[in-house]
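Here we start with a single chain on its own, the form predicted alone, put down as structure tokens.
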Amino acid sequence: MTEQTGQTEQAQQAQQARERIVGWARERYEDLSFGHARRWCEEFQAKAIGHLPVYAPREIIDAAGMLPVGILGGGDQLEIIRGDAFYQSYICHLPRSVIELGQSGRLDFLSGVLFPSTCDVIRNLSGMWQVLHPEVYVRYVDLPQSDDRAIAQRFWEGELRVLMRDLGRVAGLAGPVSDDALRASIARYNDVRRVINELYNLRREMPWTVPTEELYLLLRAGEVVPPELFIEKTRAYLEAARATPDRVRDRVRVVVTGAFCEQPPLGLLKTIERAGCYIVDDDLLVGNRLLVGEVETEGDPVAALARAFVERARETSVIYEGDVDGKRTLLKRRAEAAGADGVVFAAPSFCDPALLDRPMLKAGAEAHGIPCIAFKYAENSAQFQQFREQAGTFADAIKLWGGQ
């Protein structure tokens, strides 16, 4: 066997491994009945706790011996029938499909659901869930919203300790989740954040090698599997991706922002990239990397989690920011860090946090000479031609005139 033949075979094996991992992730993304999560619960005689976007302390769920399950709606795979009866027409699509998932029995394996303080719609959804599912634990998780860090940290520590007590009871433990179990879980999720950062770094450096479609499918799979399995699969994907680099195409580099809660359909992400853009930064599923850097595993683990959130949470529209100038320069900093040529504001229709922030973010980006476009979607959008034309025209304009 020649050296070249050996290299070709290795590349083929790496490509096959990569396709298997992406296929594994796609299965979990398309599994609206959560069959894999159900089987995990049955195999380990354990329970699962659901959580809505944007952020929930999954470390505490994991430390209680339960499986954190991200509830991200039904996307474009679910026909909404019963869900429409619960919400007005001027409300975003996510709560409708979450209600549909619940009313159709797809979420009946969950022993509890956490509803973070993302917006008023999620707040109302938490109350609705208590009425519709009185047999499960429901908690509206108030995220700290204060520019006084000391007050915010004390408040968030209190919320986390309530969760440790309550989830310990749901899991059938003799008492609250132990500090030792929480430290071990923090270490696991430090590894999760580390491998996600590695995935994002590789896409930023070589976006032709890591299509956003594949990155996103991996992240979605990570919402419904144990952290150890996600780490294993993502590391294997990274190894295979480095061994199978694609050819560089003539595309512009863009930041996609506004998609932190209701997720865009997979077809929209594919359309943006096929229209002539490389997505090199985004806020998709931002909750799994909201804490920047590693959380300390020494000392009081609750204080460490609270301190990490208050001092090093990634900037997003669902968390209070007292520094208006910081908001105006946010996209400039993100674009510079990612080497991006422009910004795509892609937000769900009727998403208050995203759409209220967009004028300030857009004005700040344009003041620094960064080209921007904006459009709205719903998680079940099925027609992408208008997005393709808009993104394609945007990419061509940047190639011709840059930021002018």
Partner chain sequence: MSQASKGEKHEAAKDRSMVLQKQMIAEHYERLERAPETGEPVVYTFVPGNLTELIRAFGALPVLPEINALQSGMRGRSRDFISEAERLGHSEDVCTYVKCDIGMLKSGNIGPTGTRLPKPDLLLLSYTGCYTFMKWFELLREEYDCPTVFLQVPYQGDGKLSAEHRDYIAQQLRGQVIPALEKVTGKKYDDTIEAELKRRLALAAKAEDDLVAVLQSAKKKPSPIDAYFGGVYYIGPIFSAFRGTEEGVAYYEALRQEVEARAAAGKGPITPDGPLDKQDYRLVVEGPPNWTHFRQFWSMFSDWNAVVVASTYTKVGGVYDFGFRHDPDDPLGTMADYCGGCYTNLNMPSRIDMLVDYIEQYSADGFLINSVKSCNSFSAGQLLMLREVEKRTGIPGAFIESDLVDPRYFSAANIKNRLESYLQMVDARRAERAGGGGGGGGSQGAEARP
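Numbering follows the first chain given and starts at 1. What you are looking at is a predicted structure, and each value in this text was computed from that prediction instead of being measured.
Here the subject shifts to the form predicted together with the partner chain, a form of this protein not shown in this document.
Of the candidate stretches 125 to 133, 212 to 220, 289 to 297, 233 to 241, only 125 to 133 has residues whose heavy atoms lie within 4.5 Å of the partner chain in the model of the complex. Against the partner chain in the model of the complex, the set 147, 328 and 352 is in full contact: each member has a heavy atom within 4.5 Å. Residue-level contacts in the model of the complex: of 159, 108, 198, 228, one residue has a heavy atom within 4.5 Å of the partner chain, and it is 159. Proximity to the partner chain in the model of the complex, defined as a heavy atom within 4.5 Å, singles out one entry of 206, 151, 184, 303, which is 151. Using a 4.5 Å cutoff between non-hydrogen atoms, residue 341 does not count as a contact of the partner chain in the model of the complex.
At a distance threshold of 4.5 angstroms between non-hydrogen atoms, residue 322 is in contact with the partner chain in the model of the complex. Among residues of the shown chain, residue 189 is not one whose heavy atoms approach the partner chain to within 4.5 Å in the model of the complex.
Within this chain, residue 38 is remote from the site of the partner chain in the model of the complex, having no heavy atom within 4.5 Å.
Residues of 90 to 128 lying near the partner chain in the model of the complex, listed in sequence order, are 90, 91, 118, 119, 120, 121, 123, 124, 126, 127, 128, the criterion being any heavy atom within 4.5 Å.
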